[in-house]
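Here's a solo chain for you in C-alpha cells, the form predicted alone.
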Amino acid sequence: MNGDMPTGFASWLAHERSCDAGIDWLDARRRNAAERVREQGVPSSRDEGWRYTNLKGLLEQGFLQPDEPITALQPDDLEEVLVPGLASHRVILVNGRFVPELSLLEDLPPGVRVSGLASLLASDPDVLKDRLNAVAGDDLALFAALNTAGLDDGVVALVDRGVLLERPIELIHVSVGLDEPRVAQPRNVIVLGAGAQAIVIERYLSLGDSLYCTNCVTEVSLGRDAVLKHDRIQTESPSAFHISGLYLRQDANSRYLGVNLGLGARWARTDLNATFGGEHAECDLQGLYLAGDGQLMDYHLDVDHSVPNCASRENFKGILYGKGRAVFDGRVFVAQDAQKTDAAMSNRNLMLSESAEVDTKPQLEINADDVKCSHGTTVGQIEPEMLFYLRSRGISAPLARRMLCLGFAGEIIERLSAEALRDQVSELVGQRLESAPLS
C-alpha cells in the first residue's frame, strides 16, 4: 500500500485494519478501496468537487467506528420516529447495524428478500459477489471508498422479476449517542429484476442531539421495465455530520423517481450518481433542502447519458435562512452516441435572510447533436407584495412566511410516495420555517 491513511480517517477504518471477512472477493475490494483513500488523500478547495465545502470541521472530530451493536433499544423507544399511518415493511438500523428484533419483515411477499448485509455475507456471500460495488464500481470517490473499506453492515433488498410490491420497504437509519463520537458506514444494495415495481423509503434520523457521523452508500440497480419510487429523507441531529452517496444504474425502459430531502445535520454532503444502461429509460431526481444557522447542505449530481433515447429531470429547491449555507453542483453528461437525449436541470433557491449563502452550478456537457437539454438556476426572496397581502388579512408574519415557503417547497414534497409521509414532512418543514430567523 502506498503511504499512510489520511489524518482524520484512520479511525474510520479500524474494522478494515483489525480483521478480514474471510471472503476473498470482499477482502480484496475492501483493501482496494482503502488504497483508493490513500491515493486520493483529503480534498481541498483546489479540488473542483470540494471548492465550496470545507472538510476541516469533519476532520477535527476523530470519529471512531463502533465495535459492537446497540442492544438496549426496545420497540417503544422508536415510537417517536415512526410515521403515523404509514404501513411498510420496516427495516431498522441502529448506528449502521441492522437490528432484526426491531424490524418488521415477517410478511414479505414471495419473490422479495430483505436482510442485513452482514448476515447475508455470513450465510450466503455469493448472492452479493456480483452485486456489491456493481453500480458504484471500483473507481470510487473518497467517502464511497471509505464506506467500502470499512464495510460493516447495511441492508440488501432483492425484488425478483415481475414482482409488484404493494407496501413500501422502509429503511430507518437511527443514530444513538455514545460516549465517544462514532461513524456509521452502512451499505445498502437495492436490486429490482425486470418488470418489478417497488417503493423504498430511506430515512436518516437520531434519538437526541448527539455528535456522530453517518457515511452511507446506497447502490440501486433497475432491470428492464422496472419501476422504483425512492424517497430519501435526512433529519439527522443538529450536531451530526451526514454523508450519503447514491449510485443508480437503469436498464432499458426502466423508470426511477427519487425524492431527496435534506433537513437536518450540521454538515451534510449528498452525491447522486445516475447512469443509463439501456434505451428509453427515465430518471427523475427531485430535491428540497433547508439550511439555517450553522448548517451546510451540499448536493452534487452526476447524470451520465451514455446511450440514446433516455430522459432525465433534475429539479432541486433550497430554502436558506439565518447564516445557512448550501451548495448545488449538478452535471449532466451526454455522450457522442446518446442521440435523442432529453434532459432538464433546475435549481431554485429562496433566501429568507441576507446572511444566507448559496453556491449553485448546474452544468451540461453535450457531445451529441440531436438532443433536447436545458438547465437553469434562480436565487430570490419572498415577494413583499405577497407577504403584505397575507399580513393585511390578519395573518402573522411568521405564519405568512410559513405559508409562502411551503408553497415554494410543496412541488417537491408532493412527490413523496405516501400521504402520511407528505403530511409529516410538511409539518416539520412548516415548523422550521415559521420560527426561522430573518437575519
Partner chain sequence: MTSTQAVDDIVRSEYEHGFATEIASDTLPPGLDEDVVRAISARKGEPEFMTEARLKAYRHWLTMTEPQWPAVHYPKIDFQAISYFSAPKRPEDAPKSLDEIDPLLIETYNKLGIPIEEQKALAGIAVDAVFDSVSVATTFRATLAEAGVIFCSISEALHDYPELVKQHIGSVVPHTDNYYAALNAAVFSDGTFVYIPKGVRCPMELSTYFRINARNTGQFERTLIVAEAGSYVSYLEGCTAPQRDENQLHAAVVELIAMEDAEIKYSTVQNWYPGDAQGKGGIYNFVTKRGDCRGARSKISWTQVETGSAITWKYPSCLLRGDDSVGEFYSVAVTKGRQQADTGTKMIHIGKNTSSTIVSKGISAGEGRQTYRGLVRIGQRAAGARNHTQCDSLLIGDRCTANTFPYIEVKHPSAKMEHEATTSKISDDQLFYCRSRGLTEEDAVSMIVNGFCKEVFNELPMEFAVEAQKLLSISLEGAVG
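Residue numbers count along the first chain shown, from 1. Since we're looking at a predicted model, the values are computed, not measured.
Not pictured, yet referred to below: the form predicted in complex with its partner chain.
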Legend entry - Stretch from 138 to 146, 212 to 220, 273 to 281, 345 to 353 whose residues place a heavy atom within 4.5 Å of its partner chain in the predicted bound form: 345 to 353
Legend entry - S45 within 4.5 Å of its partner chain in the predicted bound form, heavy atoms: no
Legend entry - Interface membership of T378, its partner chain in the predicted bound form, 4.5 Å heavy atom rule: yes
Inset, instruction - Using the partner position in the predicted bound form, report whether K56 sits within 4.5 Å of its partner chain, counting heavy atoms only. - result: no
Inset, instruction - Although its partner chain is absent from this view, report whether E357 comes within 4.5 Å of it in the predicted bound form, heavy atoms only. - result: yes
Legend entry - The unique member of K361, R167, K229, R224 whose heavy atoms fall within 4.5 Å of its partner chain in the predicted bound form: K361
Inset, instruction - Note which of L78, L104, I366, V99 lies within 4.5 Å of its partner chain in the predicted bound form, where distance is taken over heavy atoms; exactly one does. - result: I366
Legend entry - Contact set, 22 to 54 vs its partner chain in the predicted bound form - heavy atom within 4.5 angstroms: E48, R51, Y52
